[in-house]
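Listed next as structure tokens: two forms of one protein chain, kept apart as structure 1 and structure 2.
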Structure 1
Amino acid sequence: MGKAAVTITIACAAATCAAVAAAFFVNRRLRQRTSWKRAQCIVDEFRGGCSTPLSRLRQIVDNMVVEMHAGLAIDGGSKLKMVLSYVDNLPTGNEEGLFYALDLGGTNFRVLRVQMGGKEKRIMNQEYKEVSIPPKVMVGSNEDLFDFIATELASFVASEGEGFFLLPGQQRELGFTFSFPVKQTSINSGTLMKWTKGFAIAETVGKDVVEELQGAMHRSNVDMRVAALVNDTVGTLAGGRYEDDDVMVAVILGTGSNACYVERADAIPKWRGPLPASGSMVINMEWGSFTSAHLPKTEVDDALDADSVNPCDQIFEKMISGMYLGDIVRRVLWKLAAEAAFFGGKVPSRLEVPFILRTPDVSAIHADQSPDLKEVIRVLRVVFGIQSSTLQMRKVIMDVCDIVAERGARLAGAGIVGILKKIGRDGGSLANNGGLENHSYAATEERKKTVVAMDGGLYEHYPKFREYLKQSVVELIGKEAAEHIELRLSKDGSGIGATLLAASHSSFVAEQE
């Protein structure tokens, strides 16, 4: 081949290469643009599905009130269990003596002891120990779970030292905070209806959990009587009331979620006993199982529910509580990866792992104010093993966290307003009570201050969630009425509350009376 021909051939090859490269880049840009558009569509669609305009929140409030009435009328009348707690007297400050509590409700449990000194000396001393429950115990056998707890309790009792003393003739007594749906049969007995929050020990369902605990304590040589069985919401209410008489409602927003409140005993048709002297009783709503056609549920929620250990159950809890918010975000990110190649051609494998993204990470992302969103970079790297991302992508991720947290918080706010409305503390007109029987209550109590004791890691450690929640309450009841409502962080009140309830239901106290 002549020189000229070689030159022409090389020139042609170079031109072809350039054309191929150009086509490749154009194609890639087109693909990227299409993926980006698809990603935006996915997020917009999700945002739409999660939206909680005021009109929708109002419908949820009304549904909550209707369901509360139905659950109070008859057992099984509503998805809201409205469990009678048998707590008809809340702490007064007179409680005296040494009392223990055991707080089981999540992946950790706590044992604590409190020395109470009556009106004058109040809480004189307290100590606690926190133990994490091995995951295999959460889904193992009934006996293993209760033996594990009793063994830890035994070692804690053995460490009782200075500053703690029983009153003469007093036996050690315990308040058992058991934060799962229980059909309570007295102040210190109740059968487990179902597990929540990832616990799954079939044998325990239908059993009296106090008997199970007493049995295990016996096996571990712990000489102690269970004086009160309480839900964590009820413990929180009791702890809050010890400090302030205006506490009427308690809400937990942690791994799980629930609320309880003080109800007029004559507004509880399913209560069969004599009316308590106090005229009221604490109702454990078990609001995690609330559901309503107005809940802004998306296909992501449906998939999470279907894959959970308790499908079709705890629908409200799955939209508002700490156990699930992170996984909702993960599922949306997965969809972005799978359907819009958000993280490149392949779906990063760790995005497939259920519950790998925890709500504290979502909170950290949400709080990130650095210009290049460092927290998002950290979470992507540490949690998902994703090493590179653009600022634009990180903004989308933050947006997803915002959508999920805002929805959860506003729904929880609507739940709280539902309770306030039911007890006539929402500051609304009489008509606000929907023609239901709390009219006179509303009329007389309308302007009283109401404190809602709030506890749980989600509420405590997620500032944006807290803001959204408070904002929704103000939107729903108006600024003026909201001035009479205080949402007060009542940190770890449920353990102390359980010891206080053990004290007020102590057999020793009864003998003295």
Structure 2
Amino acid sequence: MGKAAVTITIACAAATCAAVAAAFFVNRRLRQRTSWKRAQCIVDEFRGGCSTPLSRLRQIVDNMVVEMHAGLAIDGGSKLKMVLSYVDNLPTGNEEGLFYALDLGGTNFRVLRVQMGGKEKRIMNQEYKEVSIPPKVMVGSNEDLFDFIATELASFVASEGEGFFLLPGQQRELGFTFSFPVKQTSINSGTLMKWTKGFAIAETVGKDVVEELQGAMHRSNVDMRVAALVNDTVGTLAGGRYEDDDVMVAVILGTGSNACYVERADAIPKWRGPLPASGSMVINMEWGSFTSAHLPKTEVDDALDADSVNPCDQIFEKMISGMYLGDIVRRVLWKLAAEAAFFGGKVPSRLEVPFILRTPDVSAIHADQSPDLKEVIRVLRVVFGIQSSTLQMRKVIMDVCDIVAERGARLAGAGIVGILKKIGRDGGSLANNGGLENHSYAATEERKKTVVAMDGGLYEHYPKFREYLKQSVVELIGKEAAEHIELRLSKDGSGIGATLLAASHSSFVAEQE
């Protein structure tokens, strides 16, 4: 073959390679454009499914009120359990003496003591101790668990020092915050319905948890009476009421979510027996189980629910609480990776891991104001092992976080307005108060200031979530009425609240009266 032929061959080969390379880059660019369009479609579709226009929120408010009425009428009448707390005396500020609390709600428990000095001196002194429960105790015997708790309580009582004293004739009394499903039968009795949060002691189910604790305290020579059995939400309400008589509602937005409020006793049809002297009772709504055809659910929510340990249950909680927001975002990112090659041709393995993305990570992404979104880069690397991303990709991820947080916050806001509407504190007309029995109440109460005590890490530590929630409340009730509503952070109110409820339901106070 001559030199000319070789040259032509080489040129042809080079041209062919160039054409192949050009075709490759053109195809890759087309694939990238196609993938990006698909990613945009996925996000837009998710945004549409999560939308919470004012009209939808109003429907959810009305549904909440209807379900509240149904739950108050009869047990099992609604997805909302509307549990009677038997708390009919909330703290007034007059409480005096030394009171204890035991706060059991997970793998740790706290014991507290508080010295109260009445209206003038208020809370004079307080101390607490936190104790980790050994894993073997959480799955051991009933006696093992309560004896362990009582032993730690005995040690704490023994350390009682200066600044703590019983009034003459007073016995030590305790408020027991027990954050597990309980069928309460009085202010200081209730049977365990089931364990959650890693506890698995079958013999405790169906037993009165107050009796079990009293028995263990007796075995440990602790002379103390359980004066009140409460859950953490009711404790938060009590703690808030101690500081301000205008507190009527308490909401916890943390890992889980719940709400309680002060209801007129004569508006509780399922209440049997004489009405309490106070004329009111705190209702533990267990609002995480609320559901409505108007909730803006998507296929992502349906998949999360189906994969959960309690499918078709706690639907509201799965859309608004800290435990789930991060995983909703993760599932959307997985969909982007699987259907739009968002992170390249392969789905990053860690995107497959449920709950690997926590809500604090979502909050950190949401708060990122750096030009290149450095916090998003950090979360992608640390949580998912994704080393490279474009600014455009990071903006999409932040957008997904915004969609999830805004929806959750606005739904929580609608829930709060539902409660305010039920008790006639939403500033609306008489026709908007959810039932005839509320009309006279609304006429006198609609312009009173109402404080909602808010607790939980989601509300406290996620500023954008908090902002969206407050905005939704103002949208729903109007600026003028919103001036009479305050959402107030009540940090760790449940522990102090339990001591206050022990004081307000104290046998010593009853004897004095």
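Definition used throughout: the rigid core is the maximal C-alpha set that superposes within 1.5 Å between two forms. Along the sequence of structure 1, residues get numbers from 1 upward. Bear in mind that the values here come from a model prediction, so they are computed numbers and not experimental data.
Student: Which of these two, 1 or 2, is the form predicted in complex with beta-D-glucopyranose (BGC)?
Tutor: Structure 1, which is the form predicted in complex with beta-D-glucopyranose (BGC), differs in this respect from structure 2.
Student: So with the core overlaid, does the Cα of Ser363 end up 2 Å or more away between structure 1 and structure 2?
Tutor: No, because once the rigid core is superposed, the C-alpha of Ser363 moves less than 2 Å between structure 1 and structure 2.
Student: Is Gly76 displaced by at least 2 Å at its C-alpha between structure 1 and structure 2 when the rigid core is overlaid?
Tutor: For Gly76, whose C-alpha is compared between structure 1 and structure 2 after core superposition, the shift is less than 2 Å.
Student: Let me make sure I follow: superposing on C-alpha atoms, what angle in degrees does the smaller rigid part rotate through relative to the larger between structure 1 and structure 2?
Tutor: 15 degrees, smaller rigid part against the larger.
Student: Superpose the two forms on the rigid core, then give the C-alpha shift of Val209 between structure 1 and structure 2 in Å.
Tutor: Shift of Val209 at C-alpha, rigid core superposed: 3.4 Å.
Student: Enter the rigid core superposed C-alpha shift of Lys136 between structure 1 and structure 2, rounded to one decimal in Å.
Tutor: Reported C-alpha shift between structure 1 and structure 2: 8.4 Å at Lys136.
Student: State the core-superposed CA shift for Lys197 between structure 1 and structure 2, in Å to one decimal.
Tutor: The shift comes out to 6.4 Å.
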